[in-house]
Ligand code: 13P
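Next up: a single chain in structure tokens, the form predicted alone.
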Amino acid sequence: MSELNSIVLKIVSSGKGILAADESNGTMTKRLDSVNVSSTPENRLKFRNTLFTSESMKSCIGGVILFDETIKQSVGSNSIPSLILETGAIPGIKVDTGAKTLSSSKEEKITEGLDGLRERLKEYYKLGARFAKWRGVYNISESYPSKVAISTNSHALARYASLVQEAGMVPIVEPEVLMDGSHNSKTCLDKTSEVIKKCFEELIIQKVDLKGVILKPNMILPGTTSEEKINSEKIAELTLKCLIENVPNEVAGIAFLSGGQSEIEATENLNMINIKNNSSFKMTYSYGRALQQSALKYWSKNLDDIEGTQKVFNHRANMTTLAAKGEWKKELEKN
């Protein structure tokens, strides 16, 4: 087993998943503004550290994705990466610099951040990061995602992944087909399949070791304004079809993004995927809002109620880890 493969398995095995705490300062400001909390570096750190020191970190969280600000912060004499390592989880880092307008397709995005990435990865490795994340985003409409958007984002994801592995770290490859729109689940299946297939073609061209990669895909869902309504069984069936047909068997871990789903929806759908999963893929979660939202709302009422906030977060993390094992039940949410 390679070192990269062992890192992947440590992150995604035994129902453990990934806490995506890599919101940019702009995104985190929107989240804090929504609960009337001032977005200062101290408050951003205080909330995140409340999660990082919770009991469920040891039993549920295999990896934490950090933002550039956070990976360089400390609590007392302890750096944030060392605090995460003490729980048994692995620190990771978001390294893209965001999605910008694609010059040849004004309604679509290309993710930037390759310039200077090799040097930044060396710094992040020294700070303690052992995996990284890069997100490509794709719109769905009658015209999108275009061949240009699929090709350019896939190429960027592959170049990023190659550099991350060169630096001795595991790349999370996140080609996210957005839920926004009126499309049905079949269109989502077709477009996501096209995006993932092209992504792996580029990864193979760049000689990326697929055993040392975590794929972070969207689930197959109707668009947010679609008239189609499907249950978790259908979502699981379509999602598994997409991944089994388009992801090479060597990929050791798949960690779903929540993509705008509610906490319960993201948990229920992950649970059904794992109940129906008869592939060799380990399928877990890499959730941001779907792990943090209830805890953030609770914390905003009293920033010093660390214990109460951790209790809320622990419940959500425990529910999501049960789902990653296919052992979640709705009645457990009431406890």
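One rule holds for the numbers: they count along the sequence shown, beginning at 1. Note that the structure is predicted; figures quoted are calculated from it, not measured.
We do not show the form predicted in complex with the ligand, though everything after this point is about it.
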So in the predicted complex, is the ligand close enough to Lys133 to count as touching (4.5 Å, heavy atoms)?
yes
Using 4.5 Å between non-hydrogen atoms, is Gly308 touching the ligand in the predicted complex?
no
Wondering, does Phe47 line up within 4.5 Å of the ligand in the predicted complex on heavy atoms?
no
Just checking whether Ser286 would be counted as a contact of the ligand in the predicted complex - the rule being heavy atoms within 4.5 angstroms.
yes
The one residue among Gly259, Gly212, Pro222, Pro175 placing a heavy atom within 4.5 Å of the ligand in the predicted complex is Gly259
Here the chain is shown alone; which of Lys109, Lys216, Lys198, Lys191 has a heavy atom within 4.5 Å of the ligand in the predicted complex?
Lys216
Heavy atoms, 4.5 Å, the ligand in the predicted complex: which of 112 to 120, 250 to 258, 225 to 233, 99 to 107 makes the cut? Say which one.
250 to 258
Residues in 12 to 31 that come within 4.5 Å of the ligand in the predicted complex by at least one heavy atom, in order, are Ala20, Asp22
